[in-house]
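Below, in structure tokens: the form predicted alone, a single chain.
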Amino acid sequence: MGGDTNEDTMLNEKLTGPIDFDPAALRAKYEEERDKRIRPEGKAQFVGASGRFEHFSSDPWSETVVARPALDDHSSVIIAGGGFGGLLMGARLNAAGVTDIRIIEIGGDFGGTWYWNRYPGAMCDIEAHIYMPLLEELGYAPKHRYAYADELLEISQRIGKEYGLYDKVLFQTSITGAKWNEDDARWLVETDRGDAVTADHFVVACGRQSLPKLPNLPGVDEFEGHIFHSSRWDYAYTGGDSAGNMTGLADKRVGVVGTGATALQIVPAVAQDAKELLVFQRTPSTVGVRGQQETGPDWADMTKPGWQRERRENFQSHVQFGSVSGFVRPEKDLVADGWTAAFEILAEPESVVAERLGRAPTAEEMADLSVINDYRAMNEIRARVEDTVKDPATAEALKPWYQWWCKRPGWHDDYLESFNRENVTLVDTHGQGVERFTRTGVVVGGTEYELDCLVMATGFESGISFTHLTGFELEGRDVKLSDHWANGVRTLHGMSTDRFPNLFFIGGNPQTASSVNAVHLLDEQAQYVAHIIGEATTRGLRTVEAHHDAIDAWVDNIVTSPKNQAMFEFYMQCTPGYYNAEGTAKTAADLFTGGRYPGGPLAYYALLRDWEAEGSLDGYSLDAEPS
């Protein structure tokens, strides 16, 4: 940040503007807070909901399994997953003229994340008008600026009905294996219901974070109180519904483990109904102003064709600004929410900086400035905590000490205020988490906290293998995917791989782009895959397979990217969390984001569209049906 001379000091102030804090002291504080949270177990301090934890993943919304015969029929396309990814895939295939579609989904209905997550207060953290899928196609106007879970489930069901996706769907069904049959040029997909169904094309849309994660602690089997994961909320015990009124908690001492995005929404709701609420915190979240409000039909101009894509791209432009050199932020901010407002602080235009300096800034100076602006943004977050929470000790414990992008930023209007209630207590574990369970509660710092009910708002498994995520193995041309990717993921555009014909992946997988609006990414990918399958159908292609040379070029662009290396170095300075494999990541591929397309989301989307427009299916080997 400069030397000790007066000239250097003047140069720094010209670069940064006046600084009313000590950057070195903040950096030291961040390092101290990070270091005390690093644990030798790394990711092993958490465990998935299997084995002795399997009951945490049971389905509370469809407890009765609907009987049906095993199937052995054929479809043009089988899609694994009935969340927004699978629904968008079905809708975009339909638009491409492919309508013989079967979706296989473990849940009892469509919705994915919003089928499972019905906890009190559940809502999206991206504006509904850019998050909810297919609003323009459905002519649907969201009810709130940030849609609640019930509306997100309803839109999922509406998409399923509108595009005929209920006709062949298999709910309450888990895929156990998928194998390519070279002789028939078909995928054979087997399930736990005895199905052996086939398809010309197979699309895997299983979501990035769908498997409940729990702290791997001793004594969980001893706890005699009521316990469940946030994504499997037990309203039979709590009473009420996602809107609240949980009368069953009126005489209960409730604990919530976790203070991430889910807990930000749960805590205010439970605080209103529980006799007493204890919130167990490992690391505090950033909590920005959400500004939730009802939205009328005129919130966005829905009469303009392409309005949702334009609004999504405008949002992404404001969020992406500052992360891609030379990128110019649009003058108009269509969404104008906490996300885009943060980047008014985080990322200053180079032209503004040049005016202060009297010359163009160097890349190093812009990097230095971004750190200073991050400190400014986080100082505002910490000031909001201090202004809102009345008890000084609680306020101090709720302050996040890390850079803004180290964790997914959180937003809520009532979370911090909840700690001013007499029935709410923050139990800060000083970065160590809960130690163990007992028969009557949990232990933190050697102190036992007795509880009637414990809610595990501990998130979902991340940084896991693709086959662990999907829950089944894929077998291509004489190779299993887990073996094919044993030395690293290999894809073309992040959505297909060699030796696996007619197979596609959509979702936030490595080697795609990283976007805070996951549904925007899913929609762009769904349109890309639908284009390929539609062209294969129209042209009578037997197989479409990513060529290994094209894959090599795509992978090389990603693994050699200086930006991905810089991203890795940034996250390894962060407090431990799922973004950096609890501080144990060794390369960019180990991060939650993985190695990503270095140009950013908008450049990635433009690349996909240009590739589609070119029309030759470049990068794929095409095998025509025999005439």
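Predicted, not measured: the structure shown is a model, and the values here were computed from it. Numbering starts at 1 and follows the sequence shown.
Form predicted together with a small molecule: not shown, discussed below.
Between the small molecule and the residues C124, V424, L521, C453, the one pair within 4.5 Å by heavy atoms in the model of the complex involves C124. For the candidate set F568, F46, Y30, W61, a heavy atom within 4.5 Å of the small molecule in the model of the complex is found for exactly one residue, namely F46. The closest non-hydrogen atom of S76 lies beyond 4.5 Å of the small molecule in the model of the complex. In the model of the complex, the small molecule lies farther than 4.5 Å from every heavy atom of V98. The small molecule is not shown here, but in the model of the complex it comes within 4.5 Å of a heavy atom of G258.
Although the partner is absent here, P215 lies within 4.5 Å of the small molecule in the model of the complex, judged by heavy atoms.
The chain is drawn here without the small molecule; in the model of the complex, the stretch among 373-381, 470-478, 539-547, 279-287 whose residues come within 4.5 Å of it by any heavy atom is 279-287.
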